[in-house]
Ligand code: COA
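Shown here is one chain on its own, the form predicted alone, set out as structure tokens.
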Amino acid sequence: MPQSKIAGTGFYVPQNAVSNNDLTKYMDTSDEWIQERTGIKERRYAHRTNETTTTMAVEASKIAIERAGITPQDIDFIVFATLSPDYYFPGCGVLLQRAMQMKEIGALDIRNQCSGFVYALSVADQFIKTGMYKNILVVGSEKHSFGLDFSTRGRNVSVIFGDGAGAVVLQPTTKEGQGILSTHLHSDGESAEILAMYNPGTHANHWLPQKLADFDEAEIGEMFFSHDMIDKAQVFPNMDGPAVFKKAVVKFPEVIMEALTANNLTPADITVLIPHQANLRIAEFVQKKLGLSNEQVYNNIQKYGNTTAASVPIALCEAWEAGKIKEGDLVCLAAFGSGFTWASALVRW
């Protein structure tokens, strides 16, 4: 059975860099306050109308495909991870297929938020191993900036997130010990509402009548999108930061150790750990917990903020471009996010 290797990587971030000081124009915050809590200095925001989750994915995918030595016509499957799709439906996978003028291939969308890319990588890995596909494009792309609450009320969430996209091409390899060694996926929905965007959704509308004709136009509007939702910030992402931190610092090292143990390896064997860029303080805690050196952990949240599903492939590509990942190196990818979901992948480059 072949293994899956990462044959090419690419990433794209918008040109518009937004500093912490820029955000002080809209909310009561400061550069010191943001850096102390998150480690973030700036983030990128996509153009309001000319850039979308899909267009950013296209740019990242072009680079990954070229580096893999193939063309868009060679891609035979797409796995697209995002929490900020262009449309509620259809998913971004088919939009990417259309934009890149690919063949009529399958396209699968993954909705695992911050863990989305590692989940997507795991799904693609299974298709490669079974021989069903030979060139799979795996993408993580996010445009958060259009849906954030840029007020003091929403600052705990809004200062964290940025926009961008990352992509890899997976191909089969028969080289002994190369490629994705294992992936590990988990979830626990017990505290799903701790980090969530409640609306749009269907949870509040289970009582809808069979005959909407019984209600007037104003009442029908309230059923789907009410002023109360706006007043309570339910149309924006909501997060209990301390609760998320508390869970993340347990599950991050746990799932990393699960991957290492499954392959009879230890933290000392890791060349580079690329954690989902959720919060620099979480990454620092995990690094200390596992006894890793600064050279063994790659962080770029300082420049880009949290790009959720895009953060792992962006950091992976940037680390590779910087020469921190070479053939034979052991790379660990790990993520934790809304759901809660968490995941890891161990890769021999």
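Note that this is a predicted model, so its numbers are computed, not measured. Numbering starts at 1 and runs along the sequence shown.
This next part talks about the form predicted in complex with this ligand, which is not shown.
Although the partner is absent here, Phe336 lies within 4.5 Å of this ligand in the model of the complex, judged by heavy atoms. Proximity of Asn299 to this ligand in the model of the complex: non-hydrogen atoms within 4.5 Å are absent; the residue sits far from the partner. Contact between Asn156 and this ligand in the model of the complex is found at the 4.5 Å heavy atom cutoff.
Contact check for Ser84: no non-hydrogen atom falls within 4.5 Å of this ligand in the model of the complex.
For the options Ile282, Ala68, Cys317, Leu290, the residue carrying a heavy atom within 4.5 angstroms of this ligand in the model of the complex is Ile282.
Checked against this ligand in the model of the complex, the residues Leu195, Ala107, Ile256, Ile128 give one hit for a heavy atom within 4.5 Å, which is Leu195. The putative spot formed by Tyr12, Ser145 and Gly147 is not touched by this ligand in the model of the complex; no residue has a non-hydrogen atom within 4.5 angstroms of it. Exactly one of the stretches 60 to 68, 319 to 327, 31 to 39, 47 to 55 approaches this ligand in the model of the complex with heavy atoms within 4.5 Å, and it is 31 to 39.
Contacts between stretch 110 to 134 and this ligand, counted in the model of the complex as any heavy atom lying within 4.5 Å, involve Cys114 alone.
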